[in-house]
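Here we start with a single chain on its own, the form predicted on its own, put down as C-alpha coordinates.
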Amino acid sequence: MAGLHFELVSPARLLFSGSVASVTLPGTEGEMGIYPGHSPILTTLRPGVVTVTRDGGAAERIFVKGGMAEVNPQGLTLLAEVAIPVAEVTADVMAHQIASAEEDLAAAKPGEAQRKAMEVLNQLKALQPAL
(Lines give C-alpha, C1' and ligand atoms only; values in the text may rest on other atoms or scores of the structure.)
Protein backbone atom coordinates (compact mmCIF):
# COMPACT_ATOMS: atom_id res chain seq x y z
CA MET A 1 0.00 0.00 0.00
CA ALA A 2 1.24 3.49 -0.82
CA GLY A 3 2.06 5.74 2.12
CA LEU A 4 0.30 8.91 3.20
CA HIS A 5 1.98 12.17 2.20
CA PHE A 6 2.11 14.34 5.35
CA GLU A 7 3.25 17.91 5.96
CA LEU A 8 3.33 19.67 9.33
CA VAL A 9 3.87 23.42 9.13
CA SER A 10 4.04 26.09 11.83
CA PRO A 11 4.57 29.82 11.38
CA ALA A 12 8.21 29.27 12.39
CA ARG A 13 9.14 26.32 10.15
CA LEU A 14 8.30 23.18 8.23
CA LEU A 15 8.57 20.41 10.83
CA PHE A 16 7.80 17.39 8.68
CA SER A 17 7.29 16.53 5.03
CA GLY A 18 7.25 13.01 3.68
CA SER A 19 5.52 9.68 3.32
CA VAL A 20 4.18 8.08 6.52
CA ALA A 21 2.11 5.04 7.51
CA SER A 22 -0.29 7.06 9.70
CA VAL A 23 -0.79 10.21 11.75
CA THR A 24 -2.76 10.52 14.99
CA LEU A 25 -3.82 14.08 15.74
CA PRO A 26 -5.70 15.89 18.52
CA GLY A 27 -8.88 17.05 16.80
CA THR A 28 -11.23 19.33 18.71
CA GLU A 29 -13.78 16.51 18.71
CA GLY A 30 -11.23 13.91 19.85
CA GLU A 31 -8.19 11.93 18.68
CA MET A 32 -8.19 11.09 14.96
CA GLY A 33 -6.18 8.48 13.12
CA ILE A 34 -5.37 9.33 9.50
CA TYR A 35 -4.21 6.55 7.16
CA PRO A 36 -3.54 6.32 3.40
CA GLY A 37 -6.82 6.57 1.47
CA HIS A 38 -8.60 8.52 4.24
CA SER A 39 -11.70 10.42 3.15
CA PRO A 40 -11.29 14.18 2.70
CA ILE A 41 -11.82 16.12 5.91
CA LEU A 42 -11.08 19.54 7.38
CA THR A 43 -10.86 19.87 11.16
CA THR A 44 -9.52 22.16 13.84
CA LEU A 45 -6.97 21.03 16.41
CA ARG A 46 -6.78 21.41 20.16
CA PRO A 47 -3.52 21.53 22.11
CA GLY A 48 -2.05 18.04 22.17
CA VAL A 49 0.43 15.65 20.63
CA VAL A 50 0.57 14.60 16.98
CA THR A 51 2.04 11.11 16.58
CA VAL A 52 3.62 10.43 13.18
CA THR A 53 4.22 6.76 12.42
CA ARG A 54 6.72 6.27 9.63
CA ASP A 55 6.43 3.49 7.04
CA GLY A 56 9.02 1.45 8.98
CA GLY A 57 7.07 1.71 12.25
CA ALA A 58 9.16 4.36 14.04
CA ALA A 59 7.06 7.05 15.70
CA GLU A 60 7.74 10.75 16.16
CA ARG A 61 5.75 12.92 18.59
CA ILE A 62 5.16 16.65 18.09
CA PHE A 63 3.37 19.02 20.49
CA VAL A 64 0.89 21.37 18.80
CA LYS A 65 -1.05 24.25 20.27
CA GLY A 66 -4.08 24.32 18.01
CA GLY A 67 -4.37 24.76 14.28
CA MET A 68 -6.09 23.07 11.35
CA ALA A 69 -5.73 19.79 9.48
CA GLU A 70 -6.85 18.98 5.97
CA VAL A 71 -6.99 15.57 4.33
CA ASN A 72 -7.37 15.62 0.54
CA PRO A 73 -6.37 13.28 -2.31
CA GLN A 74 -2.77 14.61 -2.11
CA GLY A 75 -2.41 13.69 1.60
CA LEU A 76 -2.61 15.36 5.01
CA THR A 77 -1.54 18.93 5.72
CA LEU A 78 -1.45 20.17 9.29
CA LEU A 79 -1.09 23.92 9.91
CA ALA A 80 -0.24 24.40 13.58
CA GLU A 81 -0.29 27.64 15.57
CA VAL A 82 2.71 26.32 17.52
CA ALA A 83 4.54 23.04 16.82
CA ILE A 84 7.49 21.72 18.82
CA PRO A 85 8.99 18.21 18.79
CA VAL A 86 8.12 16.62 22.15
CA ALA A 87 11.83 16.01 22.79
CA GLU A 88 12.29 19.82 22.82
CA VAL A 89 9.35 20.58 25.16
CA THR A 90 10.86 21.59 28.47
CA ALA A 91 9.18 22.81 31.64
CA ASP A 92 10.08 26.38 30.58
CA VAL A 93 8.45 25.91 27.15
CA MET A 94 5.22 24.64 28.73
CA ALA A 95 5.27 27.44 31.32
CA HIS A 96 5.57 29.96 28.45
CA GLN A 97 2.66 28.35 26.55
CA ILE A 98 0.49 28.39 29.70
CA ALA A 99 1.40 32.02 30.45
CA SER A 100 0.48 32.95 26.87
CA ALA A 101 -2.88 31.15 27.23
CA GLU A 102 -3.50 32.98 30.54
CA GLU A 103 -2.86 36.31 28.78
CA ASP A 104 -5.27 35.31 26.01
CA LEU A 105 -7.90 34.47 28.63
CA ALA A 106 -7.41 37.79 30.43
CA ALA A 107 -7.82 39.68 27.14
CA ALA A 108 -10.83 37.66 25.92
CA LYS A 109 -14.25 39.26 25.85
CA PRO A 110 -16.97 37.56 27.89
CA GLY A 111 -18.86 34.88 26.01
CA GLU A 112 -17.60 32.44 23.39
CA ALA A 113 -14.08 33.94 23.12
CA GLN A 114 -13.61 33.66 26.87
CA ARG A 115 -14.94 30.07 26.89
CA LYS A 116 -12.52 29.04 24.12
CA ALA A 117 -9.57 30.73 25.84
CA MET A 118 -10.41 28.91 29.09
CA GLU A 119 -10.66 25.61 27.20
CA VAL A 120 -7.19 26.08 25.64
CA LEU A 121 -5.70 26.97 29.03
CA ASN A 122 -7.25 23.90 30.67
CA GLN A 123 -6.02 21.63 27.86
CA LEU A 124 -2.48 22.96 28.20
CA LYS A 125 -2.52 22.48 31.97
CA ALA A 126 -3.77 18.91 31.52
CA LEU A 127 -1.00 18.19 28.98
CA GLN A 128 1.78 19.64 31.12
CA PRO A 129 2.43 16.55 33.28
CA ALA A 130 2.32 14.22 30.24
CA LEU A 131 5.06 16.14 28.44
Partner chain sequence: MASLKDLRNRIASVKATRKITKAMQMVAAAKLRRAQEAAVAARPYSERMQAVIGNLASAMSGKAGAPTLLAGTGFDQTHLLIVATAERGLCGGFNSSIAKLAREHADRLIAQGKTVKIFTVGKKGNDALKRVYGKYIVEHVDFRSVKQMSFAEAQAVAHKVLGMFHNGGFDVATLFFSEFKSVISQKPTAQRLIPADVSGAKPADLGGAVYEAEPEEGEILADLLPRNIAVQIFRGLLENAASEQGARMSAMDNATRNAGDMINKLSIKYNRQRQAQITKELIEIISGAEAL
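Residue numbers count along the first chain shown, from 1. Because the structure is a prediction, the values reported are computed rather than measured.
There is another form of this protein, the form predicted in complex with the partner chain, and it is not shown here; the text below is about that form.
> Just one of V93, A59, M32, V49 has a heavy atom within 4.5 Å of the partner chain in the predicted bound form. Which one?
Replying inline: None of the others qualify; the residue that does is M32.
> Applying a 4.5 Å heavy atom distance criterion, does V64 contact the partner chain in the predicted bound form?
Replying inline: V64 lies outside the contact set for the partner chain.
> Is the gap between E81 and the partner chain in the predicted bound form 4.5 Å or less for some heavy atom pair?
Replying inline: Result yes; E81 sits at the interface with the partner chain in the predicted bound form.
> Taking the shortest heavy atom distance, is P40 within 4.5 Å of the partner chain in the predicted bound form?
Replying inline: Heavy-atom contact with the partner chain at 4.5 Å: present for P40.
>> Can you tell me if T53 lies within 4.5 angstroms of the partner chain in the predicted bound form, counting non-hydrogen atoms only?
In response: Close contact is absent here: in the predicted bound form, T53 is far from the partner chain, nothing within 4.5 Å, heavy atoms only.
> So which residues in 67-104, when you check the partner chain in the predicted bound form, have a heavy atom no farther than 4.5 Å from it?
Replying inline: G67, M68, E70, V71, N72, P73, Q74, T77, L79, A80, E81, in sequence order.
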